[in-house]
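Next up: a single chain in structure tokens, the form predicted alone.
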């Protein structure tokens, strides 16, 4: 039986939540919501600028407000920010209203994608070891998702097909 819950994609920055979410939403004829993009629209600033000018604490408050708004909507595929699922309120709303799917990759894959990224404020100043530690810490929360997809040996189409299968059978 097809799930009528929102699909929320969680995982580290660089895990493909936005690119996979866009394709998935078209296939399912659902609205696509990228929380990071909604935060940027709301603030009129890129996330990097929000971090620089207002700090991470401010960003996390806005992230919670915007995430809760969209997570409580219907008929959506939502790409949650990398740190969003760590927030208890966001996680509880996901549990209540969404099918949460963790896009899990080997640490090295994520590190190679985000190391020295100019677009990712948390990763910009971190060493590879520190990024590895961040992945380990966040994975404790990501593991609370409804479903986990090990993405390492899969291409986008295969990942999307796995999500579609999960969605159809929930």
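Computed from a predicted structure; not experimentally measured. Numbering follows the first chain given and starts at 1.
Keep in mind that the form predicted in complex with a small molecule is not shown, yet the notes after this line are about it.
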* To do: Select, from the options 24-32, 46-54, 125-133, 100-108, the stretch whose residues sit within 4.5 angstroms of the small molecule in the model of the complex by heavy atom distance.
  => 46-54
* Asked: Taking the shortest heavy atom distance, is residue 60 within 4.5 Å of the small molecule in the model of the complex?
  -> yes
* Just to confirm, residue 138 within 4.5 Å of the small molecule in the model of the complex by heavy atoms? -> yes
* Determine whether any heavy atom of residue 160 comes within 4.5 Å of a heavy atom of the small molecule in the model of the complex, and answer yes or no. => no
* So in the model of the complex, does residue 20 come within 4.5 Å of the small molecule, heavy atom to heavy atom? -> no
